[in-house]
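This document starts with one chain, in the form predicted alone, laid out as structure tokens.
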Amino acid sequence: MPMKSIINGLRGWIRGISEIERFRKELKAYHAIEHVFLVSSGKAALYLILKALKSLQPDRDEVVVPAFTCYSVPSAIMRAGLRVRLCDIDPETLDFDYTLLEEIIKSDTSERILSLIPTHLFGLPSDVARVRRLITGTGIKLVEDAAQSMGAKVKGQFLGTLGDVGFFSLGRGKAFSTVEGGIVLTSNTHIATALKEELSQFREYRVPEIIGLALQSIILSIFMDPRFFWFPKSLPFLNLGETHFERHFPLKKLSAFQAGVSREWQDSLEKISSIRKRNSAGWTEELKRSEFLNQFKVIETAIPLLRYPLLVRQSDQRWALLKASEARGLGVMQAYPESLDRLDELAQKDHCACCLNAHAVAQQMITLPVHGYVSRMDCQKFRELFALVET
């Protein structure tokens, strides 16, 4: 995060509510959407959506999600007092297994389903139009998880605006970040009214919390270069590079400091997306002849990926890659350590048999960096790393 953004954040804090309204208006105009709500995280955004939908359809209590996705999704569902219903994934796209999804929608218990959440994981677009066709006439609401894909488009439409309601995350490592934050978008008036009512129960940031955000911003602005990343990663309060199932996360409205940090966000997002598109296209070309890595079919040069996902066919090669990368500071990472059906927090062990693809993907996936710090020298180091493991 540039120091200029931090200064803008402090100025925004002084301006107060007018800074938040400025950010909201810009988001509405940019996405051509009627209603925007700003909160403290992507988890809080999803929680807000689900509480609003539940208030509109109190007889429904299930939310269908892909069995391989960010742990924040089921934690928000459970915090909203709803049940997680899992659907296995297509291992070639990371999207739903649509044969299984259609069975869920047509099942005898489908009337309990409140919403269905297609996820643009790492920026790979889910087939939202197909989901829409499947749930037409069912009363099920389509909640679009675009947490990792702000700024991306499919057929000229922004991801996050294709469902009944969608959300973005502004957390660390996202396409655009305000240290932490979340955005909810909808053009449905009834949903917007319910969202406004639920948002009134969220609290404001306190002064010490805003000071904490400013300090985090400074640390990250200085040390986010991969050569120095070891320092912020060693600070436990930043929780960098960790995946947790967090059930009791804060529910706050976005602060004027975060809104201030967002100034010139459109130019920043366009620049960052351009870099991510270029680096994603570079990985696609670089790795297409690899004999031990599987690329996903839906990756296109026009998509600004958050990270570049791959499947490693042999588990020993995968762990060798991860270990060698950590030693060299190259940024190869696993994704989510396990599929959702294997998490103790969900207590759904009986679902293991029907989520085998999600489990296999969790055991095989690695992700590569596509951010602006990836240099030509780094690419050569990656080539050497892959050659070492492949032999």
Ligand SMILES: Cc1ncc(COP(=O)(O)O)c(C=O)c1O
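Start at 1 and count along the sequence shown; that's the residue number. Not measured: the values here are computed from a predicted model.
Below, we refer to the form predicted together with the ligand, which is not included among the displayed structures.
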Q. Are any of the heavy atoms in Ser262 no more than 4.5 Å from a heavy atom of the ligand in the predicted complex?
A. no
Q: May I ask you to check whether Gln364 falls inside a 4.5 Å heavy atom distance of the ligand in the predicted complex?
A: no
Notebook entry, point to check: Would Ile77 count as touching the ligand in the predicted complex under a 4.5 Å heavy atom rule?
Noted result: no
Verify the contact flag for Val165: yes if a non-hydrogen atom of it lies within 4.5 Å of a non-hydrogen atom of the ligand in the predicted complex, no if not.
no
TL;DR on 166-174, 103-111, 315-323, 271-279: the one with heavy atoms within 4.5 Å of the ligand in the predicted complex is 166-174
Answer key, the ligand contact in the predicted complex at 4.5 Å (heavy atoms) among Thr178, Thr186, Ser72, Ser255: the residue is Ser72
Restricting to 108-139, the residues within 4.5 Å of the ligand in the predicted complex through any heavy atom are Thr119, Leu121
